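Next up: a single chain in structure tokens, the form predicted on its own.
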């Protein structure tokens, strides 16, 4: 069985490594073959960008060589896919090569799309790329006080990121001694401070306690850079001296160009993780259209379930389990406190009060991530 994995992010990497261990004998005998195609030879720890933006990690800490993260027996090529020919069970790459498959796994991730809001790309700070995170840190260093607006678009990667950056900025300004000169104003598109109700019930009193103002039902319409104001579809305005945005995300452009899913999100079965209408095409992580968090842990738990099923397909010809929607997200509540949200399709999260212990566990995970990517955690 030829298994072709498109994407070398967390989901694709964990899946490939998990499969390689489960199918060690089959790979050795030639009964199975695992190939990964990626757009980069480097693997980035994307959650670390949040820490780069506030000067708590350096960009070079975020990267490892992708080949060294993969188990022996996995074929790896830096050659991004250009065309998906699903009816012929093959893909064509930008390098002009064609790869046939029996099973295809698409884990291409997502990208920010600030251009959807006029003026946002030119006037806001972001932390979803290395370049933007470094630029944001430099802007924060220069900032001497004023009104900071956090403007959130949906959907976006990492559901806790808007809350985390808000709490981390509070402590950043406090440490710099300019908190008394700074007002932090948080906006969110729906009628509460977070899409997950129990998370909103936890976060709102925290905002109140810290003196962080907030406005819900605020859907960005445009940013007036000269006037330094964000306008909403609802007709309200949020003036700012510094604008931080979690912009709306889309799936990768190659998914849109190939017509595999609206806005780059591929329609995916919530339990089997196959692309709707395709029994031998599976989707992981941010690339799915599933109504759950686009987060690293989502990709991780999906990859665990899919690896077990694909190995079972090779060994006995049938899958053995369903994915239950499991997600686990840390929530940084400042520079030295954190909590977490754990949930499934059936069980909503219930965040506990933040503690230093959870924060240090999160800090430890920043280092342990590489073992996780190997599928060892």
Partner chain sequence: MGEEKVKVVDATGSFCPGPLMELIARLKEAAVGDVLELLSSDKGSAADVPEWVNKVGHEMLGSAEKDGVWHIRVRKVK
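Everything numeric here is computed off the predicted structure, so don't read it as measured data. Residue numbers count along the first chain shown, from 1.
Not pictured, yet referred to below: the form predicted together with its partner chain.
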Segment assignment from 265-273, 128-136, 237-245, 167-175: heavy atom within 4.5 Å of its partner chain in the model of the complex: 265-273
4.5 Å heavy atom contact, residue 155 to its partner chain in the model of the complex: yes
Any non-hydrogen atom of residue 190 within 4.5 angstroms of its partner chain in the model of the complex: yes
Contact flag, residue 159 vs its partner chain in the model of the complex, heavy atom cut 4.5 Å: yes
Close approach of residue 219 to its partner chain in the model of the complex, 4.5 Å, heavy atom: yes
Residue (of 233, 83, 75, 122) lying close to its partner chain in the model of the complex, criterion heavy atoms within 4.5 Å: 233
Position in contact with its partner chain when the complex is considered in the model of the complex, options 210, 140, 200, 292, heavy atoms within 4.5 Å: 292
Sequence-ordered list of residues in 329-344 near its partner chain in the model of the complex, where near means a heavy atom within 4.5 Å: 343, 344
